[in-house]
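Presented as structure tokens, the chain that follows is alone, the form predicted on its own.
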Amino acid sequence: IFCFSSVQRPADMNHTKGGLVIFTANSHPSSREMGKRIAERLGVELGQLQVYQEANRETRVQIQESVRGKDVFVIQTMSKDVNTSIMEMLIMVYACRTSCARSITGVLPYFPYSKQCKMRKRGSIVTKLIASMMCKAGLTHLITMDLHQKEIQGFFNIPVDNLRASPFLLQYIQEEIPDYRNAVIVAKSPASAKRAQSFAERLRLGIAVIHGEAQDAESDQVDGRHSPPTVKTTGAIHPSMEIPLLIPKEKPPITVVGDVGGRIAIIVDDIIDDVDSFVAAAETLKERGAYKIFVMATHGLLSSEAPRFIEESAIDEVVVTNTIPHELQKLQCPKIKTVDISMILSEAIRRIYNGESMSYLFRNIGVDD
């Protein structure tokens, strides 16, 4: 588990570069709340910025202080209206660029459209599009947390710091689950096994993997363009040449690899959005003898009826970080708990501003973490 040093006060910070300015958008109160926490830790005031929508739903940004020659950090959390949040971010960055800011660092705890990072059928890799738009708008650096796929960093032509929330979640397990030594870390699908293994090795616990549940679209036909067509055609190829067809997948019945009987089951993942798979996993673990079930993830999107499904399920507690605002969901479901990660974001900002190494924030993180 990482131990972060206390953040230096402004008197100790390097002021030779013209000044530090932190802006937040107004699309959601949690964005300003996150910005206030970070600014308080750094001992600075939030920058004066006005972001609003006109009657025709166009976003307008007015910077109300000089940023010429300064290092600007734009903090944006993704609200339910994700497209508006993206436009706010892009316009804010471009406004800082045209106001002659020295550098512009985007702080996006959750990177939007990160699930659309692979080609499926005749779709598109939207994550690459968003990355290109941000770079074009004027970003010079990006701070984010637990990208859905680490390879997304390659979509940018600017430095990207992909921070980890696992130290905070591990700390929560050790401090808030009294008998966590009797727990087992569970991957709800083989795709989550590496993350579960990372948690299990750090907590010195066992691991279990659920196999055979209905897989989502992401793990099915990831290359996805269905070419050539499945219907046999002889017009385009020689009659003597037959391309073998791929055998369709057949999902086996649900099995749990590992012993969960009489133990606490802790399901780990990076994103909780549609909770159907988590609810199904919890029911399976309950049938196998687990007496308490926790779900832990970095990003709690909790869309649609997720709070109600969690409240009615066998899940005892869902623990997520505040990378995404979910205050309304917490009111609907008391099982949802929040872990604050503003500390690591403020430390990252301080180190980038002072030109210090970021390696301290990535200690003991392996390739598979």
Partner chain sequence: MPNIKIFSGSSHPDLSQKIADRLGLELGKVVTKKFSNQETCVEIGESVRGEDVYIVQSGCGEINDNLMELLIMINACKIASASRVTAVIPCFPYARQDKKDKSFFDIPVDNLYAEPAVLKWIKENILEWKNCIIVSPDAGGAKRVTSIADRLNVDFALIHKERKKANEVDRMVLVGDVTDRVAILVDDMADTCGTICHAADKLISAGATRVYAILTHGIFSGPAISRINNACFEAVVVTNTIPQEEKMKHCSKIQVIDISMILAEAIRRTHNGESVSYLFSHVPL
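Residue numbers count along the first chain shown, from 1. Worth saying up front: this structure is predicted, and the values here are computed from it rather than measured.
From this point on, the text means the form predicted together with the partner chain, which you will not see here.
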Exactly one of Ile310, Ile38, Val320, Leu301 comes within 4.5 Å of the partner chain in the model of the complex through a heavy atom, and that residue is Leu301
Considering non-hydrogen atoms and a 4.5 Å limit, which listed residue (Glu58, Glu65, Glu327, Glu45) is close to the partner chain in the model of the complex? Glu58
With heavy atoms only and a cut-off of 4.5 Å, decide whether Asp276 touches the partner chain in the model of the complex. no
Does His141 reach the partner chain in the model of the complex if we count a contact as any heavy atom within 4.5 Å? no
Does any heavy atom of Ile86 come within 4.5 Å of a heavy atom of the partner chain in the model of the complex? yes
Non-hydrogen atom contact Phe199 with the partner chain in the model of the complex at 4.5 angstroms: no
What stretch, of 337 to 345, 47 to 55, 310 to 318, 66 to 74, brings heavy atoms to within 4.5 Å of the partner chain in the model of the complex? 47 to 55
In the model of the complex, do Lys80, Val126 and Leu129 all reach within 4.5 Å of the partner chain through at least one heavy atom apiece? yes
At a 4.5 angstroms cut-off on non-hydrogen atoms, which residues of 155 to 183 are near the partner chain in the model of the complex? List them in order. none
